[in-house]
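Below sits a lone chain in structure tokens, taken as the form predicted on its own.
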């Protein structure tokens, strides 16, 4: 049964083709000094940068930029941003990009006024925020992470070979997020499908936990069916507004903390995938795809009833005359076939992992306890080798 929980989500969303106009409603609420954060510069090619800067200038803001935020934001980049933000006396951080840029902005928000080393405090010791937080707003250009409506941030330390996320409290949630599905149209297919699988993985990490009759599981089954349907359309026609808008909206609900309520949640696919990325710097969604099937086949016996339910309710597997194991296996077969059809990377060797990295990937994997089996190093090693 559902345990006790508190739910709060303070992020205000503006969704649709004219959502960018809402910057004119939000910007006057904050100070004059805005730190504009973005990635490799694609927003300058597709016109989004010009629209955002025009809104900032129209609202009289002093703009300082942090460009070049990478797909797996690093602790070095975080420290660079802290110095720039302090020098600019940033009063609002405006992130324009995908989940990595939004994550980076939130990590910055809790680090600018932090007297400790931010990496050690938040990503090694997992301590709470005790300093003043610089507010964050987001203009989303890639979907997948749900970072536009949650308090999480993931940072990579290449020297330590670690990629670690910290889920901060609701005070770190973006104050507002701008979601225009058309802003995702120019995304390369590789990035689009990686984002689609990131969405699926977020849902499954929460779904494959617990044995009670939880309302969240029914919600997640609907989100998964909608995602599968819309992804098939978007892969064939990336300019299908309905499909792209549905994917964007599913991504937000997949990880804005709602469906996690009453769930222990798993997150081992993310822990293993992030360890792979710490060694290869591979695209996040692809690392998740590459380790998912070996992981789920490994833990299926420990959560058989839920895997069978998943097969029936999400993939339409007929249960007649079959054992729970047969039903569950057919569900995973259907999932794997769909992943292959999308064009996802299904082996970590194709992401740059080499055989001599495998033991180090195991060592870099954080162990979580909310899934159907608490993994040990031998379990993780078996999954990593199977994903190779």
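As the structure is a computational prediction, the values presented were derived from the model and not from experiment. Numbering follows the first chain given and starts at 1.
The same protein also has a form predicted in complex with ligand NZQ, omitted here; what follows describes it.
- The contact residue chosen from 327, 353, 69, 34 relative to ligand NZQ in the predicted bound form is 69, the criterion being a non-hydrogen atom within 4.5 angstroms.
- Contact annotation: of the candidates 300, 142, 308, 247, the single residue with a non-hydrogen atom within 4.5 angstroms of ligand NZQ in the predicted bound form is 142.
- With the partner left out here, ligand NZQ still marks one of 121 to 129, 95 to 103, 217 to 225, 77 to 85 in the predicted bound form; by a 4.5 Å heavy atom cut-off that stretch is 95 to 103.
- The three marked residues, 11, 51 and 177, fail to reach ligand NZQ in the predicted bound form, with no heavy atom of any inside 4.5 Å.
- In the predicted bound form, ligand NZQ stays beyond 4.5 Å of every heavy atom belonging to residue 258.
- Contact between residue 162 and ligand NZQ in the predicted bound form is not found at the 4.5 Å heavy atom cutoff.
- Although the partner is absent from this view, residue 183 contacts ligand NZQ in the predicted bound form, with a non-hydrogen atom inside 4.5 angstroms.
- For residue 347, no non-hydrogen atom is located within 4.5 Å of ligand NZQ in the predicted bound form, even though that partner is not displayed.
- If you take 140 to 175 and check each residue for a heavy atom within 4.5 Å of ligand NZQ in the predicted bound form, you get 141, 142, 145, 147, 150, 152, 153, 154, 163, in sequence order.
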